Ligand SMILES: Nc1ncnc2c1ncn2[C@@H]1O[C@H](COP(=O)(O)OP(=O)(O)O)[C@@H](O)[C@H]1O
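Quick setup: one chain, the form predicted alone, written in structure tokens, and binding and motion questions come after.
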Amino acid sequence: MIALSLAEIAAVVGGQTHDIPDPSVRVTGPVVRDSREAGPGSLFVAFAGEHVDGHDFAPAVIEAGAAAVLAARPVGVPAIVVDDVQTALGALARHVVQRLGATLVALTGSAGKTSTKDLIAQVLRRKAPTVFTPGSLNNEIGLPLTALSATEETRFLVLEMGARGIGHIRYLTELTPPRIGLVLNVGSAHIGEFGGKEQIAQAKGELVEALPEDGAAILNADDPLVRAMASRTKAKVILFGESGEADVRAENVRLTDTGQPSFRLHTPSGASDVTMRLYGEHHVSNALAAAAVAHELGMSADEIAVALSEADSLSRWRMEVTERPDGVTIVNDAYNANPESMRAALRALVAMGKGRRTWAVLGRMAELGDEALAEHDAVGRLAVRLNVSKLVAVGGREAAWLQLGAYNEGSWGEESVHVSDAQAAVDLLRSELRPGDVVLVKASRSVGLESVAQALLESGAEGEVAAR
């Protein structure tokens, strides 16, 4: 964080100082909510959770060198006491962002947010110091914490914004007002919570409504609900996609023999070839979104293409590809799942597995509401149409729907199976995998199928396992 005195912070958040001998002491370290991350000069934010109360750790963080605690009550050590810790954290983030003068890039969408955010950051940091959301910390707590990690040297701040309902993104944009707003897509993720795609579009479009007139709205030309958001902003509109009308577009898209996308990138400033290290054709759209942001910020087509071609996956369990010493390839995409990302992952599996046996180890997709049966059935059917060698559906009712969809599409005998839990899937795979097989593991985060991928890697480890 930019250095601020405790007195300045108290004034910004409307708090009272308690047990602070010298209010001129400055916070020079990070703002943290995990007491284990507290260190010299840091500010510890004490949240009272359902099971753990951060206030209980106040003495320990001060002992570790923290300058003070942002708290809801006096804690017997240096503290700034406020009525509401979350509101105060947001106010502090807003103040710091205004002082920074960095260009703030915000993005949202139903799928691909984290992968795209990681791509944008890797491209922009070639131009200037860049701070970006770690992992998927995209809510009303994670977002201000990310903003507060920026320093005086930061020139680009890339923030992922999630939403659980109408008004959530509007609130986040008030904390950290963006100059560039990117909307990737409107899909089925969280459709059970929102009630329909139109409501999801309404919520995601709050991002472009928050942009200033001299800002830029970067919209997916291939998604009608996103493209229609152009009418909701006064900012300049830049379209990306494979459509011929897109300002930033891809041509000659193909997948390499290893399942990595290659294409010709076209921007208003020129064209250049891209071959990505990431896996799956769905990353083309993510890359175009990142390219549109970079173009708006003055990078050339050649600079963007090189950066995209050298970008890696920065977040865990998102098409994380590892090859065991025996030649079995594990694709751990178990961080989350929705119908769109599930289809993309299956297509990537098939592309990677040309001439090899392919396994789709799939679990439930959460928060689909009334669409759950149809969407799980459709994914099971798609696995058959793509000629995946074997579908292993893991878990309860929704997994049974996956397997039933495959069965009704013509996957009989041993081509698809429903197992009760992750351990049953591991036992099955350990007994049946053979060298050269490719295994995709994917489900919603709550299912925890990353344990399957980890167990398979451990059981195949005879020496070093080489990640690629």
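The first residue of the sequence shown is number 1, and the count goes up from there. Owing to the predicted nature of the structure, the values given are computational and were not obtained by experimental measurement.
A second form of this protein, the form predicted together with the named molecule, is not displayed here; the remarks below concern that form.
Contact stretch among 354-362, 110-118, 254-262, 89-97 - heavy atom within 4.5 Å of the named molecule in the predicted bound form | Selected stretch: 110-118.
Scan Ser149, Ser136, Ser243, Gln202 and let me know which has any heavy atom within 4.5 Å of the named molecule in the predicted bound form.
-> Here the answer is residue option Ser136.
May I ask you to choose, among Arg227, His266, His282, Lys390, the residue with a heavy atom within 4.5 Å of the named molecule in the predicted bound form?
-> Exactly one residue meets the criterion: His282.
Look up in the predicted bound form whether Arg324 has a non-hydrogen atom within 4.5 angstroms of the named molecule, and give yes or no.
-> Judged by the heavy-atom cut-off of 4.5 Å, Arg324 is well away from the named molecule in the predicted bound form.
Would Arg381 count as touching the named molecule in the predicted bound form under a 4.5 Å heavy atom rule?
-> Flag for Arg381 set to no.
Phe194, heavy atom within 4.5 angstroms of the named molecule in the predicted bound form = No - in the predicted bound form, heavy atoms of Phe194 and the named molecule never come within 4.5 Å of each other.
Find out whether any non-hydrogen atom of Arg318 is located within 4.5 angstroms of the named molecule in the predicted bound form, and reply yes or no.
-> Contact with the named molecule, yes.
Whether Asn336, Glu340 and Lys442 all lie within 4.5 angstroms of the named molecule in the predicted bound form by heavy atom = The answer is yes: all three residues contact the partner (heavy atom, 4.5 Å cut-off).
Let me know which residues along 254-273 have a heavy atom within 4.5 Å of the named molecule in the predicted bound form, or say none if there are none.
-> Heavy-atom contacts within 4.5 Å come from no residue here.
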